[in-house]
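Two forms of the same protein chain are encoded below as structure tokens; each is given separately, as structure 1 and structure 2.
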Structure 1
């Protein structure tokens, strides 16, 4: 029986032509982070199960995880996300000067059924500010997110950064008459609003409110609010400090100018550890309905590791979902997709010339030129085809005659012209 030619379901392997695109995306993300003064970190792929059981969403550590018992009898998990590891790293650094701005590009694992934009092994870009309670941290993080979209030339018309606040919503729900014990269910119902038909959603919400139709109607009104200046809303929330914070944050966003950011009370996010401002980045078109990015403030994440209370704000961004988004809007240029593997191809006329070709290749490489030499041993015509297929613009032909004379012909494949000269002259020509 022969082995399968496919990798395990949901595990990613990338051919060079695919990897090139991923690298372009990840390098752009890194550049944007570094530009805002963020530093890259990394953590272990395998973590103790308990690290996730405590704080992530319920399903994350349970049904949707790769977990097993290692040879030492420890319950371990292939990390489904990065934030708990980050919290531990920070908690362990007694001397760390806060705040810190860190980012990471970890491979994460979730055991769920693969679908579009969703696989079992995925890169999740993470960016966080830790140790600042100021709304300036939320602003900074959202500005980086906006900067990322700008770097990819994504116009603000094709995406939306919806934001809200957990604290505000908790307060607002109470004021709508939702019982405290039902708040979790109502949150989860609110989160589903965009995915359901209005009637069905209203029914679900009513259930979540424990059948209290008065409360349900108010929640519907709350979630439908589009402006913070809405009279009904300001009346409802008068005297609320959480609402005051939301208004303040809105002023910050307007002050700097973040056209993609829109206050959306319906945004609550699924992860349990978010406490304050939460936000997500959505594609406004129809093709990528999931959020590309989700984030927010968490106040007590490091609490797991002791008394130290560290507040943070950050987001996770799926590299694959982002890439799909960029591709559907044609934002990955042909120069990224078709980047040439080298600047010059050295065609070898006969095996006797291999040495000469190698010497020439080394000479050019020492000058910083990317050189591919033929290893196929096929006839020259085929070698030219090969160079052309790789998108390499120049071909230098090396045979025993050229080696003896020290003079080579270099053909420009785009216009067919031929340049003849010494290695130095060829170098100058290529520079």
Structure 2
């Protein structure tokens, strides 16, 4: 039986042309983070299953993840996301100088049905502020998110940052008549609103409300609100401190100027550890309407480890999902897609010239020039074609005569001009 040439379903592999684009995206994310004063970290790919069951909830840790018992009899998990690992790492540090601003780019794993933008092995960008209970922390991470979109030249017309508050929604659900014991199920149902047909979602919500049609109707009205000034909403939330926090955050967003940020009560996020402001970055351009990333406030980050309370706020952004968004709207330039593997191609005229070609290549590389040397032994004409195929703009021909004289011909493939000179002169011309 022959082996398959395909990777396991949902597992990532990147050819050079694909990796080049991914590298451009990840380097831009890193630059935006560093410019905002964030530092990079990483953690283990394999963690104890109990860590994720406690922090992320049973659905993610159980049904959507790669879990197994290792040879030591321990129940472990391939990390499906980063926040629980972050909680463990922060707790292990003891006394941290708070607040801290960290970001990471981990490989994560979820056992889900592969589809466009959703795979089982994926690179995820995470950014968090830890140790600040001020709404300024939420504002900061959303400003970084907006800065990322600006860095990719994404117009605000094709995305929005929908936001709400889990604290506000918990209070609102109680005022809508939802029993406290059913709040978790209602949160889960609300989170599925944009993923289901309206009738099917309404039935799911009714079940989550324990069959209470009156409460379900009020919840539908709640998640349909489009403005904080809505009279029905202000009447419902009269005297609520959680609602006042939402109003204050809206004033911050308006004051700084975040045009894509819109209050959306239906944004609740599906993970159990979110407790305050939550938000999602949505593609609204019409080509691929879906969530690009999500995040929010989570309290008592290190509480499971017996440490003092550390609050945090952050978000996770799928690199593949963001890349598909950028490609859909033509936001990745041909310069990135067609970047040459080298600046100079050294064509080797004969086997006797291989040593001289290697010496010249090392000289140019030491000067900071990217050099590809022919290793095929093909005729010179085919070597020139190979350089053109790679998009390399210059070709230096090396033969026994050139090596002996120490003078080489360099051809510009775009206009056909030829420059003759020493290695030093070639370096100067290239620079």
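Every value quoted in this text rests on a predicted model; they were computed, and no experiment measured them. Positions refer to the first chain, counted from 1. Between two forms, the rigid core is defined as the largest C-alpha subset superposing within 1.5 Å.
Q. Which of these two, 1 or 2, is the form predicted in complex with the RNA?
A. Looking at both copies of the chain, structure 1 is the one that matches the description.
Does residue 114 move appreciably between structure 1 and structure 2, meaning a CA displacement of 2 Å or more on the superposed rigid core?
No.
So with the core overlaid, does the Cα of residue 190 end up 2 Å or more away between structure 1 and structure 2? Shift at residue 190: 2 Å or more after core fit.
Worksheet entry | Rigid core superposed: residue 280 CA moves 2 Å or more between structure 1 and structure 2 | After core superposition, the C-alpha of residue 280 moves less than 2 Å between structure 1 and structure 2.
After fitting the core, how far does the CA of residue 215 move between structure 1 and structure 2, in Å?
-> For residue 215, the alpha-carbon shift amounts to 3.5 Å.
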